[in-house]
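A single chain, nothing else alongside it, follows as structure tokens in the form predicted on its own.
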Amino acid sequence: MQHFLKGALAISALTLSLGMAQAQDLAPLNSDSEPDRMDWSELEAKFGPLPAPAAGTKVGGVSKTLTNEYWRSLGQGYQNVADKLGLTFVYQAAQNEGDQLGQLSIAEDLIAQGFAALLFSPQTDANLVPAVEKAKAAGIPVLNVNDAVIPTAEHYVGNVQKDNGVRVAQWFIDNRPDGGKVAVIEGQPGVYAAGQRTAGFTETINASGKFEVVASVPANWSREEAFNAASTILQQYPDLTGFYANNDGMALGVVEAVKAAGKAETVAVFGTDGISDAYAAIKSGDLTGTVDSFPILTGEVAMEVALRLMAGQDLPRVVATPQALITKDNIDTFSTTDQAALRAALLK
């Protein structure tokens, strides 16, 4: 543990130094509010057909972990485009979502392997900053892809994180008109997406004047930690109305706690990501809903953006990808695995 903390402090110090060096060149990125942005659906209309990559082009991807279905699905999106265009694509990830130094080591190894571009989904906002600087020095474009935000990133692809929480809060406002007590199970501290999702939910539901957020605790993206946190909260607040969890794995842990407490009929539970287990839990009536950010589509869009950057196109700093609140009322519309059909549904 001491070794990990020393390493984490070293990363933070280096991040601060690099960030100060970059400050004159580029303002720290806030992907939700960055004005230099466009919607994913506008890419072809504004920049034309996807440029054909040169023969032998290699693109690398670095993800948080492959133990979470969301990140596997994101990688599948990358691979879909790579297969279509004959690219060589390498996708690697840390052992778990807390292995910040391991992920940095993977990223630095890829930089030395001759990739034309790199797609980074960092563990936290800080841990891959040294790799971004090395890639920039080597002339390799780096695209920051959901969901942690690298402050010095020149280009980002992902959904509006704060809107995740806003959508769930609005569901409670619309469907629980009498209000009540609610709780948030947060993701990993220090991750932009976790903070924004929590803020979106808390600010929106507080503004209604009918709800009280009685607990907001981190569970570090862990289903087990979420189960334990939710169990404690349910003991403290037996009249709780519902939970919002920052991802689906944690939401499914909350579902287990709610069922164990005998509260399944009265406590609503929402997650974020749209993984297949969440869809199954919604269909079975265990999970109330999720905010699907469509990781396969996000991966496809991100690879398309990387190819456009390699071709020298002057893209905005942020390309925003879609999301939708999924409940039993609309699950059939979005449960398709046909990516072309999904794109069509999202463009309606």
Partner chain sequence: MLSLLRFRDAGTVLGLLIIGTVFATLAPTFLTAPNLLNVLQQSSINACVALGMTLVIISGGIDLSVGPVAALSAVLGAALMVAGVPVPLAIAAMIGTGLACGAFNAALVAFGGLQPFIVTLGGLSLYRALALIFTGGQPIFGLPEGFRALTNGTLAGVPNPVILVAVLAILAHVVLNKTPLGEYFLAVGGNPEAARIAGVPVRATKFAAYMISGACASVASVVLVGRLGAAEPTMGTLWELDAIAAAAIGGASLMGGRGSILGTLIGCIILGTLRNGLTLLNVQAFYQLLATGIIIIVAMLVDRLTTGKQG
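These figures come from a predicted structure and were not determined experimentally. Positions refer to the first chain, counted from 1.
FYI, the form predicted in complex with the partner chain isn't displayed, but the following is about it.
For the options S284, S33, Q313, T67, the one in contact with the partner chain in the model of the complex, meaning a heavy atom within 4.5 Å, is T67.
Put simply, of Q95, Q236, S276, T266 only one has a heavy atom within 4.5 Å of the partner chain in the model of the complex, and it is Q95.
Taken together, T198, T202 and S231 are entirely out of contact with the partner chain in the model of the complex: none brings a heavy atom within 4.5 Å. Proximity of N206 to the partner chain in the model of the complex falls outside the 4.5 Å heavy atom cutoff. Using a 4.5 angstroms threshold between heavy atoms, E133 counts as touching the partner chain in the model of the complex. Under a 4.5 angstroms non-hydrogen atom cutoff, the partner chain in the model of the complex has Q188 among its neighbouring residues.
Using a 4.5 angstroms threshold between heavy atoms, Q113 counts as touching the partner chain in the model of the complex. Stretch 123 to 131 is the contacting one of 239 to 247, 258 to 266, 155 to 163, 123 to 131, since its residues have non-hydrogen atoms within 4.5 Å of the partner chain in the model of the complex. Scanning 105 to 120 for heavy atoms within 4.5 Å of the partner chain in the model of the complex gives S105, I106, E108, D109, L110, Q113 in sequence order.
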